[in-house]
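Only one chain is given next, in structure tokens, and it is the form predicted alone.
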Amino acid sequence: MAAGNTFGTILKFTSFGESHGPAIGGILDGFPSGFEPDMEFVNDFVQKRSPSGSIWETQRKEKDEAEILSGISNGKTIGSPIAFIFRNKNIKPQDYSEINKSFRPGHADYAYFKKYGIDGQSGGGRASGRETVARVFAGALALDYLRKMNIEIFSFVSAIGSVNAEFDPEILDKNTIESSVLRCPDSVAEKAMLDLLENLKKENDSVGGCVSTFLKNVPAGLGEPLFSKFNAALSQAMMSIPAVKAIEFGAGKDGLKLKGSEYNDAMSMNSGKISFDSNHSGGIQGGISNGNDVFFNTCFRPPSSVGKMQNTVNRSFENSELEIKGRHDVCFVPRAVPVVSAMTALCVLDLLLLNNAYQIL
């Protein structure tokens, strides 16, 4: 059986490392050879995941410079596994000396203890969001490959707490998203979100939110029935990200309010091509892309580490109280945007390579 650290069918990404271990790393196997990655684009994309110094973000700062160990030579991929690591430098295990005496509410401590029979690791170990840096590097390589195929991936913050952004899918602009400190395309909603985060910071509390993703120029026909549908593969990718609790495609739960005649995406011929009058299905029908924009929402729970006294159980299985200190996010949703895009890119490139397997030589 697989131990759950590898994602993908043809393009396989394996992650390793712990939050406060020597390094976080990954192996990307099956990546096409002869490709010349734009390393400036890749490295810049990795930095999008790093905290910016805002008050609602963790104050842990890592340079996040990848050491490529194999798979890229003379600036090109050579077909062998692309192995890489990120050295952990700014670690403070002392921040966890008291915390590790108890199971932290909302964290994976107790679940990991029951599964592996080991005490909690500093920073959450494998359950920490720190491990996503390897996903983002691998996903940036896939994203670079896809953009040269004219496939675009837009991810952005569409909700924090009860504050929802308004946006028009037809005029979404990456520059607008990236110029926003919260990666939110709605400046009015962004202000309300910032006010909410500032208040929660004062209260030593946290909040979750939603990342929305659009895929443009995805060819029709991606996805494998029945158990490897496009939306199933994307769901596995998203649900593997720490703190993700829900995903919905197209109209999602709002589609429950529509009649079938309203929900169906009517089709017509336009300049020799099929076009759709709506996109309630999110660009996926029968688990296979239909050529329309693919759209989905990824929902994150609030960060578990809050500076409030909470009831819990200690390692001696006695009732106790715990107040978590250290460097923690009030909201990690803006930093999750590149993680969502990275996992999306890995999923899409894997499905494209799988689709190529059907082509007659």
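Predicted model, so just to flag it, every value in this text is computed and none were measured. Start at 1 and count along the sequence shown; that's the residue number.
Here the subject shifts to the form predicted in complex with another copy of the chain, a form of this protein not shown in this document.
Novice: Please run the contact check for Val337 against another copy of the chain in the predicted complex: heavy atoms, 4.5 angstroms, yes or no?
Specialist: Judged by the heavy-atom cut-off of 4.5 Å, Val337 is well away from another copy of the chain in the predicted complex.
Novice: Going by a heavy atom distance of 4.5 Å, is Lys257 a contact of another copy of the chain in the predicted complex?
Specialist: Answer yes; at least one heavy atom of Lys257 falls within 4.5 Å of another copy of the chain in the predicted complex.
Novice: Please run the contact check for Lys245 against another copy of the chain in the predicted complex: heavy atoms, 4.5 angstroms, yes or no?
Specialist: Residue-level check for Lys245: yes, a contact with another copy of the chain.
Novice: Residue-level contact is defined here as any heavy atom of the residue lying within 4.5 Å of another copy of the chain in the predicted complex; does Phe103 satisfy this criterion?
Specialist: Yes, Phe103 is a contact residue.
Novice: Run the contact test on Pro51, Phe154 and Pro169 with a 4.5 Å heavy atom cut-off to another copy of the chain in the predicted complex and return yes or no.
Specialist: Checked in the predicted complex: no contact with another copy of the chain for any of the three.
Novice: Determine the residues of 162-192 with a heavy atom within 4.5 Å of another copy of the chain in the predicted complex and present them in sequence order; the list may be empty.
Specialist: Only Ser162 sits within 4.5 Å of the partner.
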